[in-house]
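In structure tokens, one chain follows: the form predicted on its own.
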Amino acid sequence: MNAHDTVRPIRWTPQGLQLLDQRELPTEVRYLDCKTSAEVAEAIREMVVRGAPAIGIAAAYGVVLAAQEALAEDATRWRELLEPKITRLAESRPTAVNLFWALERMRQRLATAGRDPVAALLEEARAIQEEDLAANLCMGELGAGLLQEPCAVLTHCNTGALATAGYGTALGVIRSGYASGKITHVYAGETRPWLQGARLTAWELRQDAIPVTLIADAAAPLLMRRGEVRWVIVGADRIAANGDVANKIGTYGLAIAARAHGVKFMVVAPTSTIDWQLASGDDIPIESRSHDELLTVQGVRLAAEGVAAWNPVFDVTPAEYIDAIVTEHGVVHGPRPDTMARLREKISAQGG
């Protein structure tokens, strides 16, 4: 780790999986022990762990626990008993494609696991975690290379170490950019209703001594109009084959405002986030969550009784509003079907 990279949210121990409980940040730093696959699924569902890459990593370790449980229940029928446990993990969050990618990779490893399936699955889960960290370090350098001169940037939600194996996607670019002198300051949108920007991104950047200013989500267009930022840098939860991007609710509005004010828009995500089976963002399922997340804050009601709420968790930004998609396999400038197809060819050529 360097001076701007100190946070790690996922730990595997002989006792099970430890997840930094992101519901408690920034007031308390506490790791939650998950000793069963059901506890991992619940932790994903309840946003103990969040961020597409981190969800995938946690689910991979959840499969390790599921295999341990199935073998303990019946050593002759353990494969049959394992499948419902994997299904429960798959159902924990519907939008983050990394979840399904990681579970499919674990299934493939299981097919060749041999006489010690738990050891084989643990090796694969660790590989997924280590590869994610390496990808983030690579994307950090590639994304920082797009910044032509020192500037301030705006980010949304949390796309850092807390959302990944470490270093981060969009925050990985910010870490690399700040270390190289390309980024002078970071503005973080608060990201209602879960306040990931306020609670997580601002906390994470402070841990690593990167200067950050928190703004209300609605203040972003004014910040752009005043010329305070040159880039918006965000992550992604799913990317369609044409370059449309599903990300935290509010990303679409930022992209429109950025285009109107001449601000560049960068999406940073590993290629595991790309769903090549989806032709466009119109096909991406959008998760909705409880109305209470909008109507209350930490159990205190903000709106009058009887008021309804609409709480989509993600929106889709059309590729036409995106200047660059940064992946560990390279940068897609001006994402559209043909430029995305060239990225897919490059991944295949590299054995990805």
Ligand code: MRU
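Throughout, we count residues from 1 along the sequence that is shown. Since this is a predicted model, take the numbers as computed values, not measurements.
Below, we turn to the form predicted together with this ligand, even though it does not appear here.
By the criterion of a heavy atom within 4.5 Å, Gly51 is counted among the residues contacting this ligand in the predicted bound form.
Within 4.5 Å of any heavy atom of this ligand in the predicted bound form lies no heavy atom of Gly189. Taking the partner from the other structure, this ligand in the predicted bound form has no heavy atom within 4.5 Å of any heavy atom of Thr201.
The closest non-hydrogen atom of Lys248 lies within 4.5 Å of this ligand in the predicted bound form. Only one of the listed residues (Ile174, Ala125, Cys157, Leu99) places a non-hydrogen atom within 4.5 angstroms of this ligand in the predicted bound form, and that residue is Cys157. Just one listed stretch, out of 316 to 324, 30 to 38, 303 to 311, 51 to 59, contacts this ligand in the predicted bound form at the 4.5 Å heavy atom level, and that stretch is 51 to 59. Contacts between 226 to 241 and this ligand, taken as any heavy atom within 4.5 Å in the predicted bound form, involve Gly235, Ala236, Asp237.
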